[in-house]
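Shown next as structure tokens: one chain only, the form predicted alone.
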């Protein structure tokens, strides 16, 4: 039985609702996780998603900034919102999805702070916040609910490209926020300590370049191809044998009024 989950930093769900609905119509993931919805809960376009067949929605938003949502065709339960670094920036939501084959999977959806421009926590509070946020995420363990029969998937815009092949130029980006050694090492440590499996790299070899984000600043993003893999899909190890493929919808970056991120979808066969 097929099951799929998509992560997408949409950079304003109301502004880009037509693109999201177009994607749902063509790709039909079972679960869509959005980041940077930039929308308070009472203004979230729930009716449009329900009309499209996605009746189960868990949201955590605020006006103008950040915000995350889980939109599902399958029932959701036990939705939770956690505050990191004692700052409620609506950057996290999780819920248990009733997946095919009587599986229950907790979906963790994250929007990690970008970290500003200067990679020095002593002079840049935004960078310090990012490092502290990742450190607190180390408490998340992929097998935390295994005793209850619940597997785990962690998705989102983690705002870090950990591998050399996750950026267009490892050498030129070593001092650029999102690929500095302290960020990449901390993210890899968090992944290791939590027993998380990087599903994108389980499907696409680490030797192969893969990007999910291209800056708006590029005059011709496709020709320059100066991308980074900032969007991630991880899981508990028990789900890896069921993974069939991972799709990175690069073409979405060229859509009208696009997000600077593209959808990433993990497909499973249970």
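Residue numbers count along the first chain shown, from 1. Everything numeric here is computed off the predicted structure, so don't read it as measured data.
The form predicted in complex with the DNA exists for this protein as well; it is not shown, and the discussion that follows is about that form.
K.L.:
Closest heavy atom of residue 63 to the DNA in the predicted complex, within 4.5 Å or not?
P.N.:
Close contact exists here: in the predicted complex, residue 63 approaches the DNA to within 4.5 Å, heavy atoms only.
K.L.:
May I ask you to state whether residue 36 is within 4.5 Å of the DNA in the predicted complex, using heavy atom distances?
P.N.:
Contact with the DNA, yes.
K.L.:
Looking at the partner-bound form in the predicted complex, is residue 14 within 4.5 Å of the DNA by any heavy atom?
P.N.:
It does: once the DNA is placed as it appears in the predicted complex, residue 14 has a heavy atom within 4.5 Å of it.
K.L.:
Does any part of residue 104 reach within 4.5 Å of the DNA in the predicted complex? Heavy atoms only, please.
P.N.:
Residue-level check for residue 104: no, no contact with the DNA.
K.L.:
Based on heavy atom distances of 4.5 Å or less, which listed stretch (216-224, 235-243, 26-34, 198-206) is in contact with the DNA in the predicted complex?
P.N.:
Heavy atoms within 4.5 Å of the DNA in the predicted complex occur in 216-224.
K.L.:
Looking at 74, 189, 176, 114, which is the one with a non-hydrogen atom within 4.5 Å of the DNA in the predicted complex?
P.N.:
That would be 114.
K.L.:
Consider the chain as shown here, without its partner, and state which of 126, 80, 170, 138 has a heavy atom within 4.5 Å of the DNA in the predicted complex.
P.N.:
Exactly one residue meets the criterion: 126.
K.L.:
Does anything in 252-270 come within 4.5 Å of the DNA in the predicted complex by heavy atoms, and if so which residues, in order?
P.N.:
Heavy-atom contacts within 4.5 Å come from 257 alone.
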